[in-house]
Structures are given as C-alpha cells and as structure tokens.
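One chain is shown next in structure tokens, namely the form predicted alone.
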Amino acid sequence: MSLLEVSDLRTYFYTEAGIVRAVDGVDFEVEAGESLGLVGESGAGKSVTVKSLLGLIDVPGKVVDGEIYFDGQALHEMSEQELRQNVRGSDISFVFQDPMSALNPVHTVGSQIAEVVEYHTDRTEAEAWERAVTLLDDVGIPDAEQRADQYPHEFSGGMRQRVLIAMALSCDPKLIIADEPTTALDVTIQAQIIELFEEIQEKYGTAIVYVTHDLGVVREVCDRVAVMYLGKIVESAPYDELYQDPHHPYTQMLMRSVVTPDRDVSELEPIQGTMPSAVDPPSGCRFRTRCPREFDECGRYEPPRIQVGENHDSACLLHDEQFEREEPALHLDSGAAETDSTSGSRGAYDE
C-alpha cells in the first residue's frame, strides 16, 4: 500500500454564481520517501486538492466525495478534532505559500516551533525549545540559538520560509505538503529553498507533495509529476519520462512555455486563451477550448486516463484506439521545435 492514496476526490464551492467544481475527480498516490509535483496554471485546483487532504477547506467549500488513505488511516472518515490531534503537524505537515503572513507576528519564531512540538509530542517545554533551535540550525538559520528569540519581522522572506520548513519538520512527519513555497521569493532565494527540500528528503526520507506552476522547480525536486487542469489530473508520469515524452497537449504546451538557459525568450510559446470557469466547465475534455488538437469527439466524451507507458498515463482521446486518429501526440525531440505534418502545430522542446 502507498503512503498516500487519493481516489475520486471532489471538492466544490457553493457560491451565488453557482457550484465551483474546483477539484472534480482526482486520483493519485504517493509512495514513502517519494516526491510528487502537482503542476498546473493558477485555477487548476492544485492548492484546493492538497488542502482537501487535511480538511482545510473553509465555507463555502466542501469535500463532497472521495477517499483519502494515509498510512492505512482513512482521513476522509476522520473528524476535525481527529485530524488536528493525530494527523496535521505530526504525520503530515503543511508549508504554506506566503511566508510573510504564515507566522504569528507577536510570538518569537522559536516559541512557534516549540509550540508545535509540545502539542504533538510528550516533550517538555525545555526539550521542545531545544528541538526548535536544532531545527533552525538544520534548515540553515545562522546563530540559531540567538535567532530563535527573535520575531518574524526580524527575518527576511527566505529566512521566514526556512522557519516554516523547520516547523514542518518538527515532529518528524512522514509527508510534507509544500504549497508554492517559493512563489513570494526572489530567484536566488528560490534556488536555496529548492536545495533545502532536496537535503531534507535525503536526510529524513520524508515524502513530499510539491505544489507549483513552475516546471523548472519540479525538475529539481520531484521524482514524479501529476499535471492538473481545471480540477482534473490530465497526465501523470515519472519526471524524466514526462520531460522527454509528454503526451497530453496541455503538458506539451506547458513545456513549450518554460524558460530554459538554452532557449531564447522569443522562442517561448505561451498557451493561448484562459482557463474556463469551474462553474460551467466545457463538456467532454476540459482543455479542448484551448487545444490545437481538438476534434469533434473531444466535446462529446470525457477522456479517461489512458496508460501510454510504464507508470505514465494521459487523459486525452488522441490515445484512445477507438477513435483511430492518425495524428500522434506531439513529442519532445532533441532540443528543437518539430513541425507536426498532420496538425501543423509545433513539437515541445527538450532542454
């Protein structure tokens, strides 16, 4: 059994405009010690997905269906109190995306970490404080003993993110969920935080679910990738395979929009159009309204996730044999754009 198993997860928000189907039938697994990247544009449902795992959805949102098993425990059957006492912060930790607002400004950083340790373990106040100082040192905070007595406003954005990571590690969790942890940071600090996550996984063997819109970040820290679009996972594969051979048109277009050292900015191909509303998503394939490979059946059938390789699936009718399309999915090929003779669209880039 995998460490985390999510099946048919559905989280809806009930608004005056209608029902927002933010997460609409999501399935994925995470093995012990593995890192999974959850990737997609803003509005794809990534953050709502991971918050749903721990019951962190506020009104008017609600998890309406699905099963979530973590280390043999049925999280979807647990009460708010059971999740808070037995899962959040202990077995599963969450690193939020805005380090500037995630810490309490009126308490020292050391006391905030120590509080988590005391709540979830039987350590004394002195032992919890010692643990907090050790963790600050582990995540690269210089003069950790002195800085533990300081307040969040005395730390830079990058240092605050390190504090949040230290807090996430405080009870030796089996899984860390990192929700866009580098979004508010400059490029240099982003690289340091990514490197820190790599060190954490190597040192502690912690599984990580890394939520991001940046495929470059995913390449650095993730073993496997699940690509989301409008509440659904449209492709899932080990990173190297996804990078070399993306099958879903959305994944291919994401790849072509990524900045790389060997690609001129003029070569980038941004995805045209905007993501449709989750209140009234397109019929059939949800990506079809922006897809250059759309054909008639795309509007009539919702594509299942079809195996296209070992541990690699893609939710696209181009892979469904019953439609017998002559045009194959676009593939990455030797670092250059390649013209598809059938559709006229360009192939994805390799780095």
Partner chain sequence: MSTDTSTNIQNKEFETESGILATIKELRHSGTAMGGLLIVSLLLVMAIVSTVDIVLLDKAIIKSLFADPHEMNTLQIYAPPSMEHPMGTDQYGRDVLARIIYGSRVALAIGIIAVGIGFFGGVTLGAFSAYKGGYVDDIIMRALETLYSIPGLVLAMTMMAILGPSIYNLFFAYGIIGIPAYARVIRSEVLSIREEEYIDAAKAAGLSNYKILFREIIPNGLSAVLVQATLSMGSVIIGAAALSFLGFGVQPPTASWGRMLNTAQSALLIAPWVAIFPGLMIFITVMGFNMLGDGLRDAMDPRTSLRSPKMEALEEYADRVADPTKADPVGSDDWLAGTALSGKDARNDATDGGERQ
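Numbering follows the first chain given and starts at 1. Not measured: the values here are computed from a predicted model.
This next part talks about the form predicted together with its partner chain, which is not shown.
*Asks:* May I ask you to choose, among A184, A144, M78, L196, the residue with a heavy atom within 4.5 Å of its partner chain in the model of the complex?
*Replies:* Of A184, A144, M78, L196, the residue with a heavy atom within 4.5 Å of its partner chain in the model of the complex is A184.
*Asks:* I need to confirm a contact call. Of E127, D98, D137, D71, which residue comes within 4.5 Å of its partner chain in the model of the complex, counting heavy atoms only?
*Replies:* So the residue touching its partner chain in the model of the complex, by this definition, is D98.
*Asks:* Tell me which of 299-307, 25-33, 63-71, 39-47 has residues with heavy atoms within 4.5 angstroms of its partner chain in the model of the complex?
*Replies:* Looking at the partner contacts, the answer comes out as 39-47.
*Asks:* Using a 4.5 angstroms cut-off on non-hydrogen atoms, would T121 count as touching its partner chain in the model of the complex?
*Replies:* No - in the model of the complex, heavy atoms of T121 and its partner chain never come within 4.5 Å of each other.
*Asks:* Although the partner isn't part of this model, could you tell me whether D245 comes within 4.5 Å of its partner chain in the model of the complex, counting any heavy atom of the residue?
*Replies:* Because no heavy atom of D245 falls inside 4.5 Å of its partner chain in the model of the complex, the answer is no.
*Asks:* With the cut-off set at 4.5 Å between non-hydrogen atoms, does E180 touch its partner chain in the model of the complex?
*Replies:* Yes, E180 sits close enough to its partner chain in the model of the complex that at least one of its heavy atoms falls within 4.5 Å.
*Asks:* If you check in the model of the complex, is M255 within 4.5 Å of its partner chain, heavy atoms only?
*Replies:* Heavy-atom contact with its partner chain at 4.5 Å: absent for M255.
*Asks:* When its partner chain is placed as it is in the model of the complex, are D8, A207 and Y210 each within 4.5 Å of it, taking any non-hydrogen atom of the residue?
*Replies:* Negative, none of the three is within 4.5 Å.
*Asks:* Quick one: name the residues from 50-89 with any non-hydrogen atom within 4.5 angstroms of its partner chain in the model of the complex.
*Replies:* Contacts from 50-89: D58, V59, P60.
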